[in-house]
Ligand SMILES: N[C@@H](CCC(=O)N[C@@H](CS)C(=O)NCC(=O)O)C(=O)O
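The chain below stands alone and is given as structure tokens, in the form predicted alone.
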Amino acid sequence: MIKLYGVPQSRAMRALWMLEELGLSYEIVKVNFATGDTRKPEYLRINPNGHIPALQDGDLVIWESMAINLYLARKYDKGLWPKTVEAEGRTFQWSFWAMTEAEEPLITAIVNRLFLAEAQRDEKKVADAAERFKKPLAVLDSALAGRPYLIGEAFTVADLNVCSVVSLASMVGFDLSGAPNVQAWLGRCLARPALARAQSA
């Protein structure tokens, strides 16, 4: 049985989505960063970084949400893994890009809009994050011009990984109207039945 450590209201959601896309049996082991679970010795033996998610598949323990998804898509491929080495390269590119270029401004905005106490929130940081998000948003919109998905005609792990980050923009009300290709692509990705199943897990 595959075990996923985390809670749905975290980066564990993208791994849940992948598990549902692949139709795998799994157990969610509730580990919540908000209650200090990730700093307990028993969890630090699983992920010494003290973050969620982590995944246990037999004897393998793997952490980092994007790495988990790439591993699952490749090992249990149901059409989500790219078919060529070139497409693999682009899959890695987009997965890493989501973390290095797109996620930080979104997380900054989420923290200052939703997580911090009212007195600690800083709308200037949100405005700056929204401005900085425009560049990766434009890059993604250009990449999606004339194609339904990032690697071609079909939904793949690249789309799941990038969508799991970029879709956070709706939580903080970032304006996506200048990126119609991204809006249409998000609509296709977010309508997948596996995501709905993951959200109700």
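When you see a residue number, it is the position in the sequence shown, counting from 1. These numbers come from a predicted model, not from an experiment.
Just so you know, the form predicted together with the named molecule exists too; it's not on screen, but the next bit is about it.
Colleague: From the list Tyr26, Phe174, Phe33, Phe155, which entry has a heavy atom within 4.5 Å of the named molecule in the predicted complex?
Modeller: Selected option: Phe33.
Colleague: Which pick from Leu150, Ala169, Ile52, Leu160 sits with a heavy atom within 4.5 Å of the named molecule in the predicted complex?
Modeller: When the named molecule is considered in the predicted complex, the option within 4.5 Å is Ile52.
Colleague: Do Val111 and the named molecule come within 4.5 Å of each other in the predicted complex, heavy atoms counted?
Modeller: No - in the predicted complex, heavy atoms of Val111 and the named molecule never come within 4.5 Å of each other.
Colleague: With heavy atoms only and a cut-off of 4.5 Å, decide whether Ser65 touches the named molecule in the predicted complex.
Modeller: Output for Ser65 is yes: heavy atoms within 4.5 Å of the named molecule.
Colleague: Does any part of Met99 reach within 4.5 Å of the named molecule in the predicted complex? Heavy atoms only, please.
Modeller: Yes, Met99 sits close enough to the named molecule in the predicted complex that at least one of its heavy atoms falls within 4.5 Å.
Colleague: Look up in the predicted complex whether Arg39 has a non-hydrogen atom within 4.5 angstroms of the named molecule, and give yes or no.
Modeller: Yes.
Colleague: Are there residues in 1-22 with a heavy atom within 4.5 Å of the named molecule in the predicted complex, and which are they, in order?
Modeller: Contacting residues: Ser10, Arg11, Arg14.
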